[in-house]
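The form predicted alone is given below as one chain in structure tokens.
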């Protein structure tokens, strides 16, 4: 979670700091220390619970999950078991082709993370306890996912939701978002699922899909040959493209859960729940649907624009600024803004590896540039040059256009003169056109724009060319 401090102490909750620098007696589990629950962790888990239609339980209990491992100095994790804070929710995922399926959420509960073992810095295994006490939420689904592809789409939606809600950065590579997948198979027509295995160590959505494909096939081959699936935990090896056993899989009773005697029950009254609900942002799927409905955008555009909340915010801020400059139908302006955000803005973001939030062209400046295109001051082609200049210059687009002499030529007489030059210089192509080869028309447009250094109004250039060529036919 993106809380400033850990789940049960005041240590900074930061990734990448020096090993064992963000620790204290509480997260080290020293005798005599007492944990104190981070209120923001409770609010964050409530956001996810409400966003997925869960029921928020008025009273939930924090429990100790007992096991022994070198990176767990207390010998237990604080988690929730019998009385979690969020229960009975659902996710509606959409697959390729528009098919939808509902995945039930059994529970969403809070817990703390363990530390980290480092095996690749010498002959000894090192322990970094910075991660001890890092606040987590765990989302447990019912066995409703029927294919690796469905699991992939479910994870994509979960990542979108947690980032929209501002509770997690969704970074799988850094371990902010993790997936443990339980896999079981059954014969066609049967209702009871077979013995399940758990697959861990998947650090990308694609690797989750690959690991599930591997494990489903492994279990299928095993059962088909008369073997028996053993309940165990497997580690996914992305390089080898296979999973190998790590340990036998634990049952809940193996962890000897019991209520943590150092922590009081978590009480959520209606006022607190209502305040969290009222502060929820518009989520990705409703926002995508609104873009289609209110702005008339194609589904593809709406999907791309709403995939990340900062991109959607940038798009809407640009559109709002453009509507201020050109009052009227917002739907008519949405597509030009969408085109620039999807192609040029996201291209630079990907190439420069920057966040949209720190993109050098503010939405109001991009809107001003698009306004220059719509009012005929510059052409779309010239706008590309203006856009590149805006990436390194704080100047307003209008000032860049004037300083560089990029104003679009819309003078009919000036355009007609250039058109005549082009047609005279290319008499052979004129004869081809008059003979029925209309594809050569694009050649005339290109030559005219070249002579005008890209400043000619494309609509007027096309119109004048048609008139002058028609006159030659007559």
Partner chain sequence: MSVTPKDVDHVARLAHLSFTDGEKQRLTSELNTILSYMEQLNGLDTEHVEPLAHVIELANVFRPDVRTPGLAADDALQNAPGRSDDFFTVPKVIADR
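Positions refer to the first chain, counted from 1. Note that the structure is a prediction, hence the values are computed from the model and not measured.
Note that the form predicted together with the partner chain isn't included here; everything after this is about it.
Annotated contacts: 160, 179 and 216 are all free of the partner chain in the predicted complex [non-hydrogen atom within 4.5 angstroms]. Interface membership of residue 4, defined by any non-hydrogen atom within 4.5 Å of the partner chain in the predicted complex, is confirmed. Contact check for residue 330: every heavy atom lies farther than 4.5 Å from the partner chain in the predicted complex. In the predicted complex, none of the heavy atoms of residue 392 sits within 4.5 Å of a heavy atom of the partner chain.
Although the partner is absent here, residue 21 is a contact residue: one of its heavy atoms lies within 4.5 angstroms of the partner chain in the predicted complex. Contact with the partner chain, judged by heavy atoms within 4.5 Å in the predicted complex, is confined among 53-61, 442-450, 429-437, 415-423 to 53-61. In terms of contact with the partner chain in the predicted complex, the residue from 342, 368, 127, 222 that brings a heavy atom within 4.5 Å is 127. In terms of contact with the partner chain in the predicted complex, the residue from 396, 303, 237, 385 that brings a heavy atom within 4.5 Å is 237. In the predicted complex, the partner chain lies within 4.5 angstroms of at least one heavy atom of each of the following residues of 50-76: 59, 61, 68, 69, 70, in sequence order.
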